[in-house]
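Have a look below at one chain only, the form predicted alone, in structure tokens format.
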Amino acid sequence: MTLEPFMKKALKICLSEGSSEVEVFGSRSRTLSLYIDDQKIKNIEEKMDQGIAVRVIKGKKVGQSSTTIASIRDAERCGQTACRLADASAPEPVMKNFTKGSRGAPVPNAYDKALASMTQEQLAQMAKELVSAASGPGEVKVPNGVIRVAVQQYMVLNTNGAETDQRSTLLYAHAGAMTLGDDPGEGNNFAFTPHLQFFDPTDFGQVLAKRAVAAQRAEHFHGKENLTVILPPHELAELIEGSAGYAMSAENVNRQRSPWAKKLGEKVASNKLTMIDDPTAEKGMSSCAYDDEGTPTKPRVLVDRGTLKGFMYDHYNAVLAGTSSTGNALRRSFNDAQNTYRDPLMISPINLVVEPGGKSLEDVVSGVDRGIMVDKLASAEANPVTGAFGLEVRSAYLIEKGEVKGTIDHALLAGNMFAALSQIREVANDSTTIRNCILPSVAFDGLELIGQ
């Protein structure tokens, strides 16, 4: 049975219970997950999952519930529970209706038949190629890793005419590498893609080994200085989304906790920074015609050459601000398709794209007089309100006069992400998909590196 009968049954039950507005979100998925343990395939899991999340407006009150779906009775109970929770809730003065149904633009290439039909044997072969490439001549091993592929379906049905049905695929890989010997170096690598053609397990393994060897050869950094810092996509994505993404969320704007709340139309970053929310991106992990409330999506410029052009809205925060939703309400994850219906709605960019520059990463490095190119941070996090950060550098390449002179570790990278966005030296052209971001390496001036 498809999701639709369950969703229609839940909607019908909620109306019979006195709800004036009903929204039902449904998801189903098939996931293959392969786990690597000490160079070998530990196990491969195949999981099927389907469920719904129901929201109702009843007597100026809102209630919501979610459940795994195995029978029509499960859908009925979920709808009844949402209604009971609405009865027990305090009045909600803002939420008077759900999204009105309208047609969205078709999104190309969100679904890959090769990933959707992948077998356990094909996944195992992929893992073997990855481990073999990382191990190379025998100086590196892969102690742990995961490769996950999934095919997923998302549907939204509500009493205002919204009726969406979207299918997509994903491949997520993460592995760690370690050099052999008494003083091992560690490396990590990640891959996010909706298409099998964009994932090369041999290249992934070679990059993994390179990072482990670089970390093993690193020397402790001494002193304290301001310099140019190049952040690669795998470390920059979380910093960008955790600062700029946070600042552009309408929820944070409405609650006056966004540092950009009153800066619409003003300069918030360097002229070299342009950010677009692009739900049509071929390499995007969340490309979709509708968000998870059923609102149509479309490409939107958020920051244009440093000038703030817009915020991201879900339906609730759009009503609160007296505007329209921009289609940025999501439940989905970027590395797992399981239990999506249990996740809360959150304002999120669909695919946050940082426009690449015109120079290669090598050319960006050659233009740096004194700086570092980060390879691995302990945790790439900045304070979302103030932008301040102090990040442990586990491994980085030291740059002098445009040349890499070795690797360093045991250092603290300190600065402010909002200030750094105004101090961009160069944006490279090596764009990579990391979670729901598509971005290149970026060089920032004036960050502080503190060693032993």
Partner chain sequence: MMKDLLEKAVERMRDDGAEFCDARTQTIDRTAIIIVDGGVRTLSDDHMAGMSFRAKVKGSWGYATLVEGNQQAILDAASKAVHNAQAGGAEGKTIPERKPTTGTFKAKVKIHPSSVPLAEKISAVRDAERAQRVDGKVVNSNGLYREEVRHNTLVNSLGDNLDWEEVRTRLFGQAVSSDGTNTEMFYDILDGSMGWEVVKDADLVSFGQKVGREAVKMLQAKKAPSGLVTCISDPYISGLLAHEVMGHASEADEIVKQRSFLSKVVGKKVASEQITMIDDGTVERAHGYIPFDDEGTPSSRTVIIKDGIYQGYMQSLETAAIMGTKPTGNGRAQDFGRRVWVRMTNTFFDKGDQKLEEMIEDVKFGVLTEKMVSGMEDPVGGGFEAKSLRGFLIENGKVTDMLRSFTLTGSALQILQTVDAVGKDVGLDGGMCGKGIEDYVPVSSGGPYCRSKIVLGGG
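Positions refer to the first chain, counted from 1. Just so you know, these numbers come straight off a predicted model, no measurement behind them.
One more form of this protein should be noted, the form predicted together with its partner chain, which is absent from this view; the next part is about it.
Lys405: touches its partner chain in the model of the complex, heavy atom cutoff 4.5 angstroms: Looking in the model of the complex, residue contacts with its partner chain do not include Lys405, since no heavy atom lies within 4.5 Å.
Within a 4.5 Å heavy atom cut-off, is Thr169 in contact with its partner chain in the model of the complex? Taking the distances in the model of the complex, the answer for Thr169 is no, it never comes within 4.5 Å of its partner chain.
Taking heavy atoms only, is Gln256 within 4.5 angstroms of its partner chain in the model of the complex? Yes, contact at 4.5 Å.
Proximity of Lys47 to its partner chain in the model of the complex, heavy atoms at 4.5 Å: Heavy-atom contact with its partner chain at 4.5 Å: present for Lys47.
Does the trio Asn43, Ala70 and Met178 actually contact its partner chain in the model of the complex, every residue with a heavy atom within 4.5 Å? Each of the three qualifies.
Heavy atoms within 4.5 Å of its partner chain in the model of the complex: which of the stretches 302-310, 136-144, 269-277, 354-362 has them? Careful reading of the contacts points to 136-144.
Even though the chain is shown alone, can you say which residues of 88-103 have a heavy atom within 4.5 Å of its partner chain in the model of the complex? Read in sequence order, the residues that approach its partner chain (within 4.5 Å, in the model of the complex) are Ala88, Ser89, Ala90, Glu92.
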